[in-house]
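Just one chain follows, in the form predicted alone, and it is written as structure tokens.
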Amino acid sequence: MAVQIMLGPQSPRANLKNAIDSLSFNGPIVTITAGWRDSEAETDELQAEIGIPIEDLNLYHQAEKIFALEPELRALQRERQGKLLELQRLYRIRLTPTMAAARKLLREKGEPDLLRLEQRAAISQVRALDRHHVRRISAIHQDFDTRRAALLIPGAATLRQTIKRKVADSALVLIAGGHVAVLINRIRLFRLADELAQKPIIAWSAGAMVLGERIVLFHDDAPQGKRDAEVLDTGLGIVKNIIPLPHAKSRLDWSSRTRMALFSRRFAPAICCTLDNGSMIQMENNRITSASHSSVIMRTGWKKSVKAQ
């Protein structure tokens, strides 16, 4: 199995070069920077940081070119995105009271045996809602793939094969952060999941998020106030049983053990791993082989350092 390395944000102190130096490889490096959107492929600073030539796949702009030439595909893509946005809105309507009830029960005082069962039941309801949401998301993606297969788009097929070949010929893939929804959207559009799963990958911030099975958004200190963590989309599923949490130090309310405990128990058995500036988690065969400056949130609400398994 290929090695995956997940990093936190690369500012103010970058550790990407350290991650690259920890690997043994021989061949070209390709980058995916679609999450940067209009700034995609502006990789001069990135290349200067690592001191090795890289080639960006330019997924964001290549997709825009295809959409301009293939209006049917653009319309189908917009329809999917519209459905996903509406589904997310409906999910939040159900999530808000379900999470509120679970938090309230975790703070409640009462007869332990009675209370414990009610707490478990409340958390199970949140978990069931998340599973339902993932199934609905997957159904929308499946419908898109089925309808897309009926479209004859020679230009798109040729470009997709060219990009897949570049990934296949690479020795290492770097996946940058940025807008996580755009990033997973473009990777999925070019159907790169199978190719990426065979390659050594170093991914940071949003790039690390897309490697998992579920993409979870979270921000306990957003400008509009505390927000419940929510499942945004399915990920590539290359990294199993881990929820990567970039910017966790600033975006999670570590002063509330109730919120942290609920976060951990909600997504179990996956472990919730922080990825802040300087963090590094290396995985192989779906096992953590090394980790530094990263913590896992415990079911008690406390945290402990991520350890090799």
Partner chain sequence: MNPIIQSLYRDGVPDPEAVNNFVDQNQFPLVEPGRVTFVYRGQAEEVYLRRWIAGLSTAQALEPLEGSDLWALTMELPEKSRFEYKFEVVANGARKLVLDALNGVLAHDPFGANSVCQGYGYERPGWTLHDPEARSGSLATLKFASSSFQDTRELEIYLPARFRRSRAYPLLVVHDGLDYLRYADLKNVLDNLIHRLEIPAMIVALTQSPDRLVEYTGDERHARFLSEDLLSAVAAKFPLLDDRNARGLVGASFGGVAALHAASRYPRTYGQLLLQSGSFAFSDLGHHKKGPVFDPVVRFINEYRNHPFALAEKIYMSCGMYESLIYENRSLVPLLQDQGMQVFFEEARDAHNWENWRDRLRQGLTWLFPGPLWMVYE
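Just so it is clear, the model here is predicted, and its values are computed rather than measured. Residue numbers count along the first chain shown, from 1.
Beyond the structure shown, there is the form predicted in complex with its partner chain, which is absent from this document and is the topic of what follows.
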Self-check item: Partner-facing stretch of 201 to 209, 68 to 76, 115 to 123, 128 to 136, counted where any non-hydrogen atom is within 4.5 angstroms of its partner chain in the predicted bound form
Solution: 201 to 209
Quiz item: Does its partner chain get within 4.5 angstroms of any non-hydrogen atom of residue 254 in the predicted bound form?
Solution: no
Quiz item: Is there a heavy atom of residue 187 no more than 4.5 Å from a heavy atom of its partner chain in the predicted bound form?
Solution: no
Practice problem: May I ask you to state whether residue 258 is within 4.5 Å of its partner chain in the predicted bound form, using heavy atom distances? | Solution: no
Quiz item: Does its partner chain get within 4.5 angstroms of any non-hydrogen atom of residue 144 in the predicted bound form?
Solution: no
Quiz item: Among the candidate residues 181, 84, 156, 172, which is the single one with a non-hydrogen atom no more than 4.5 Å from its partner chain in the predicted bound form?
Solution: 181
Exercise. Tell me, out of 284, 64, 55, 42, which residue has a non-hydrogen atom within 4.5 angstroms of its partner chain in the predicted bound form.
Key: 42
Quiz item: Thinking of 17, 164 and 166 as the candidate spot, does its partner chain come within 4.5 Å of a heavy atom on all of them in the predicted bound form?
Solution: no
